[in-house]
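Taking the form predicted on its own, here's one chain by itself in structure tokens.
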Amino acid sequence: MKRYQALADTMAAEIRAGRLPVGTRLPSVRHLTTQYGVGQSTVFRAYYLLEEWGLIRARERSGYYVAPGAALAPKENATLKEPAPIDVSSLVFSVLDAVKRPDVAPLGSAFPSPTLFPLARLAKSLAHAARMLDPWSTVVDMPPGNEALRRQIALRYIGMGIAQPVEELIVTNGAMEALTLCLMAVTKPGDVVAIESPCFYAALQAVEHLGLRAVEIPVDSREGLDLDALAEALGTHPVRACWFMTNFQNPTGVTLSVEKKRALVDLLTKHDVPLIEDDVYGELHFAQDRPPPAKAFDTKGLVMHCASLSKTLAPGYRLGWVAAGRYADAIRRLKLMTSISTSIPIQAGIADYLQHGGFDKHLRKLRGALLTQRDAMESAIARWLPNVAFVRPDGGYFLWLQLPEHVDAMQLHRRALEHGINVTPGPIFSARHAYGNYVRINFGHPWSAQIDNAMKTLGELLRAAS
């Protein structure tokens, strides 16, 4: 390990342990060069690395300071000792009903603001496609779906370095249908599936609806999925499938490294266990390059890669897909048996937009807006909620906030609603209703006085809970 890396690791350990609180000014470059007997370039490189990790921020002519959310308590051991049935729907529905209220600050929303999407340009593509629609498309474009659309989707896989056969792509009514069809294709009631903890609550509901049992695999907010725990689960239980988010996981925002994605696919290939990969946030990256999905390392057709345009282009259009690998035929049949087909005009309209509408230009603008909103939210947290910990995500639009241990997230959710604020409490992200002092907040809406006031009020509610 190089000296600047060792220095950065030493300082990172102090920050993450909370021994250097948020806002603390770090020692000057001159002080550290004397203290550690290193050159100025070594100290600067260490500070640059800490900035890259999201642990510190530079202030012009002032120095370096500990960033909001830099300290985070150790992860909870969330693995279930035995697979268990899931019963979360009543809790989820009670929480999500509040999201529909237009007068509520949308910190608990699962969607970015619809004002960020080119809906007028999309409508032109939809109208054009509807006028040009071949009457026979109502038959031809049934599963696996509109060929022009699937070819446009396949081109986007090529951009990720994946040679995706068009015939293995199946168009669905949003990613949720794709994910559920995948689960149906490889399990039967009573089977065991591995899910994340914390986990996207809709995955918990799908497992519950299909009568499956779940074993929870811990997800660390910095490192992602615990592969050792997964290996133990695969060796102990008859796991029939895994349902994981490898990019910008909901709710933690964490992304698995390329090495961990490769190791994950290798592990599942060894056990011949399919992976249902939920990658609906993969296009919302803040770095220059899109992080590859686990699908990029699959050589056996075991990974069913699911995505949609609901979070990136067309909210409400309900258009998703699955790159289904060896399970394509089974999923295509299940699609016909359940919903028959995804809307034919919608498929044609989206195909026209992807070919002519400037999707990549829109994505660059969308990512820039989300990055700006993330930074504004972090600043608000530093100002109004200084005792809250989180890890800065490199994409998506969620922050997973760890509240002080004595705070009840469900109670905070209820109190916040009384003040016109919606946050998503941690227990709905767990089969065991764990994460009682966590909440997920959404930074996918343009910054406004309403959101800033909502964050201020949340801070007041937290102080009142002390």
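For every residue, the number given is its place in the sequence shown, counted from 1. Keep in mind the model is a prediction, meaning the values are calculated, not measured.
There is another form of the same protein, the form predicted together with another copy of the chain; it is not shown, and what comes next is about it.
**Asked** Does the trio L155, K300 and L363 actually contact another copy of the chain in the predicted bound form, every residue with a heavy atom within 4.5 Å?
**Response** Zero of three within 4.5 Å in the predicted bound form.
Quick check on P143: any heavy atom within 4.5 Å of another copy of the chain in the predicted bound form? P143: contacts another copy of the chain in the predicted bound form.
Is the gap between F93 and another copy of the chain in the predicted bound form 4.5 Å or less for some heavy atom pair? Yes, F93 sits close enough to another copy of the chain in the predicted bound form that at least one of its heavy atoms falls within 4.5 Å.
Should M337 be classed as touching another copy of the chain in the predicted bound form when contacts are defined as heavy atoms within 4.5 Å?
Although another copy of the chain is absent here, M337 would touch it in the predicted bound form, with heavy atoms inside 4.5 Å.
- So in the predicted bound form, does any heavy atom of K260 sit within 4.5 Å of another copy of the chain? Because no heavy atom of K260 falls inside 4.5 Å of another copy of the chain in the predicted bound form, the answer is no.
* To do: Please determine, with the chain shown alone, which of 367-375, 203-211, 287-295, 352-360 has non-hydrogen atoms within 4.5 Å of another copy of the chain in the predicted bound form.
  => The contacting stretch is 203-211.
| query | Just one of S379, N387, T236, T138 has a heavy atom within 4.5 angstroms of another copy of the chain in the predicted bound form, so which one? | reply | Looking at the other structure, the residue within range turns out to be T138.
Between P218, G320, G108, P315, only one gets a heavy atom within 4.5 angstroms of another copy of the chain in the predicted bound form; which residue is that?
Selected option: P315.
Using a 4.5 Å heavy atom cutoff, which residues in 336-360 contact another copy of the chain in the predicted bound form? It's fine if the answer is none.
The stretch 336-360, when checked against another copy of the chain in the predicted bound form, contributes L336, M337, T338, S339, I340, S341, T342, S343, I344, P345, I346 at the 4.5 Å heavy-atom cut-off.
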